[in-house]
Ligand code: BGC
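In structure tokens, one chain follows: the form predicted alone.
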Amino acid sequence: MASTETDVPTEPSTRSGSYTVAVALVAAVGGLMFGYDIGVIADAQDGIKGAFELSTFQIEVVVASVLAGSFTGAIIAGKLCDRIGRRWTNVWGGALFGLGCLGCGLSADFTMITACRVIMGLGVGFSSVAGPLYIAEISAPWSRGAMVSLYQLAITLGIFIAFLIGLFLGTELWRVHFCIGSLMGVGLVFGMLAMPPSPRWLVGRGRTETALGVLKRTTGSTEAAQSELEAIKVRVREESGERLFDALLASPAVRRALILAIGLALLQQFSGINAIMFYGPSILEEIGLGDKKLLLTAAIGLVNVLATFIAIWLVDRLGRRVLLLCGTSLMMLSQIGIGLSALWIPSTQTATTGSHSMAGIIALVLIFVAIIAFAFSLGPLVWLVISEIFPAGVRSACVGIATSANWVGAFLVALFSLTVLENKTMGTTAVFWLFAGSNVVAILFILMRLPETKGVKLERIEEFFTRPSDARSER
């Protein structure tokens, strides 16, 4: 069983910390793209619907098409990360996202914008695998949680930027919204070209001296860098030529880790967060606050950004399990309350009266609570856990599979949430109670499956999954 001690050197260099933060921030531009993609469609869909005269189902297809692309991109990225490296996979992700954004801005009909959204999704899928993986492998063990959480912070910032642009430009200039997004893709391309490759990928290619140089800069200690390099070399030798299918057959630990990753990836989406992000304006209309939907949508994005700092501050102090359990429980309670409040919203209330019921205001407050709960738990920590629990030999392939599962969940939420929300009988209540039920499952799943990996080297985390009955208490 893995040691419970963290691997922090006695005097880690502050310079190395600054360098690692800079590298992580550049890689996190992929998260900015990810978030912008989520946020831009929330405000742009009214303009798209009017421009192309689309039905509710067609709008759901436009929203969900990027997720189909992201699923495909994540599957491809798992192999691509091993073949060309984490850095170059991020570069290609930025290029595809930028191209897709420009295409959406120039779209002439439903078919074209759907196809370009798929291209955007391919780019996001590439970066959603390569980004957290690259950050996890470039970071020192004692700061890995905070560094990978920067990726989620970038996602929330991307959502907020999209909502803010929607607030100032309105829905009619939706083409401009998409064209602005292409700048993020360009930023990721040029930013990653200036970054070093992952040391674990370098060792796998026999470039140990280069890997040692990168590790010295990220750990701030020659001794710690040498120790880390030796651990990586041992694992690379052990896993040389290892294929995912063979590893799954031979190693119960890999199977357990993959089950955990897929479960968390799906449950993150079934928590309901993207129903709020994709269809926030529609939800606000359903609870009688449609007259302020653009302003409130931007406020939701801002709260999402600020609450993510809670995770960055606490994840390497309290650990993954505590934050996940607290956040998921709070989100569940909030969603139950939103569903109850929605039952009491007057059916005669309209989005343009300027008069809001108390039930609608309570529902709004609880939406903000749910956003905060997600932002310090399921949002950043699922990506962190997925990026750190697998052996190096199959890490990128397994992260690709888990990330693809995440996109499948997002696709289902995007495709059906609006239809349920627009049901005049119990639409809003039904949606949020379904999500609350999913969060009950998530709480039980975390309790039974998730070990605490705070401060543990990547090369030693696999040991937690060799005896899963002890994993929960190991710390």
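Throughout, we count residues from 1 along the sequence that is shown. Note that the coordinates shown come from a computational prediction; the quantities given were computed from them, not determined experimentally.
The discussion below concerns the form predicted together with this ligand, not included here.
- Only one of Thr156, Thr89, Ser149, Ser396 lies close to this ligand in the model of the complex, with a heavy atom inside 4.5 Å, and it is Thr156.
- Checked against this ligand in the model of the complex, the residues Ile48, Ala436, Leu450, Ile38 give one hit for a heavy atom within 4.5 Å, which is Ile38.
- This ligand is not drawn, but in the model of the complex it has no heavy atom within 4.5 Å of Gly94.
- Although the partner is absent here, Asn274 is a contact residue: one of its heavy atoms lies within 4.5 angstroms of this ligand in the model of the complex.
- The shortest heavy atom separation between Phe432 and this ligand in the model of the complex exceeds 4.5 Å.
- Mapping the unseen interface onto this chain, Trp383 counts among the residues with a heavy atom inside 4.5 Å of this ligand in the model of the complex.
- Stretch 374-382 is the answer when you ask which of 374-382, 252-260, 168-176, 216-224 has residues with heavy atoms within 4.5 Å of this ligand in the model of the complex.
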